[in-house]
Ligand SMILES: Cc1cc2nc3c(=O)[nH]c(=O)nc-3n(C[C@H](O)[C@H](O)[C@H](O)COP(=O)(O)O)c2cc1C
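So this first bit is one chain, no partners, the form predicted on its own, shown in structure tokens.
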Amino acid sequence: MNRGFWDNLKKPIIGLAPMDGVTDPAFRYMVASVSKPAVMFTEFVNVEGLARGVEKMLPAFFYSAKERPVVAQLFGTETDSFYKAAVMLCYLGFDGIDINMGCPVSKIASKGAGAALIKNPKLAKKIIKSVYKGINDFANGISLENAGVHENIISFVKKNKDMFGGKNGVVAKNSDRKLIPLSVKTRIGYDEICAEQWAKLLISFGVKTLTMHGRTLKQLYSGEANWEVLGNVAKICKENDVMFFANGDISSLEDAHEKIKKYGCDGVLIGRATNGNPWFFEGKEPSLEDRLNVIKKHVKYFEKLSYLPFQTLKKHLAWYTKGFDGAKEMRMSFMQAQSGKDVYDVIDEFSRKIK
């Protein structure tokens, strides 16, 4: 079974986890610019929306060459929609495709997607099979049109091809086509822990790269991640030649290395510890100057992409402005900003005061 780029990564592997509303193209670009992780994931995108031609979803897949290897994450329940999305993502030149089987948010799980798939292994198996079919059909030369990809999606992709990996990001020739790996990100259970049984099922469905978050859906993000359970799953994966990544409550690069060693994982994916901290993967404590420069660059790149409302940037600005004298006042000023220029003005005023 194809495991692609994963087998070429140096272990231990420490990557940026997919986070809805957080790992957007601008944030991923900044992380890649200041402390390159071994791998990074996009936010999850709904396959049903893509299948119905909702082109406004596509900018979530914008990526730059410096982010590679970059994996696109999908969620949903319709197998045919997963197939179409898989062909499209292969066409866009992604290094891998990840299926979200772990989101605990009610509006996702209540529709049978995300972590709800833990309770529906028959559908999970069909989804995995469908994505594999899309990957294989792409490698064998199928076109977007023949795969049934919506005309709105095809048009958007062709008009914005340079936004997917740069000028050479979009695969256009059959000779460039290759198999890319499928992975799954999930949780240790739905309302109770069933991690070992669930992992064995996923492995039997053909999953060769697995990430598991150490909480059940019922826990959401409360309590503590259960690393003992994750360690048990790591053993099962090793016995079956499956690459395993654990996720949950890692606070620092040192903590990541300690947990990898203690629990026998191939690596970990880092989520909330990177909020406002794109330097995480260097284990570096940024200077105030570093922090202000990155805020400026983040804002500039965000506005260059120009597809999200400015308001969506403000959570990042809030996360950046912590831990230094005057941070609270700066953060409050950022929350009033309506444009990048407003942010630059706040930083310039702050800089004059501390000189």
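Please read these numbers as outputs of a predicted model, since none were measured by experiment. When you see a residue number, it is the position in the sequence shown, counting from 1.
Only in words, not in the display: the form predicted together with the named molecule, which the text now covers.
When contacts are judged by a 4.5 Å heavy atom cut-off, Asp249 counts as touching the named molecule in the model of the complex. Using a 4.5 Å cutoff between non-hydrogen atoms, Met19 counts as a contact of the named molecule in the model of the complex. The shortest heavy atom separation between Pro181 and the named molecule in the model of the complex exceeds 4.5 Å. The closest heavy atom approach of Lys111 to the named molecule in the model of the complex falls outside 4.5 Å. With the named molecule left out of view, the stretch that reaches within 4.5 Å of it through heavy atoms in the model of the complex is, among 57-65, 29-37, 282-290, 42-50, 42-50. Using a 4.5 Å cut-off to the named molecule in the model of the complex, not one of Lys84, Ile97 and Tyr132 places a heavy atom inside that distance. For the options Lys125, Arg177, Arg272, Lys200, the residue carrying a heavy atom within 4.5 angstroms of the named molecule in the model of the complex is Arg272. Taking a 4.5 Å heavy atom cutoff to the named molecule in the model of the complex, the contacting residues in 207-221 are His213, Tyr221.
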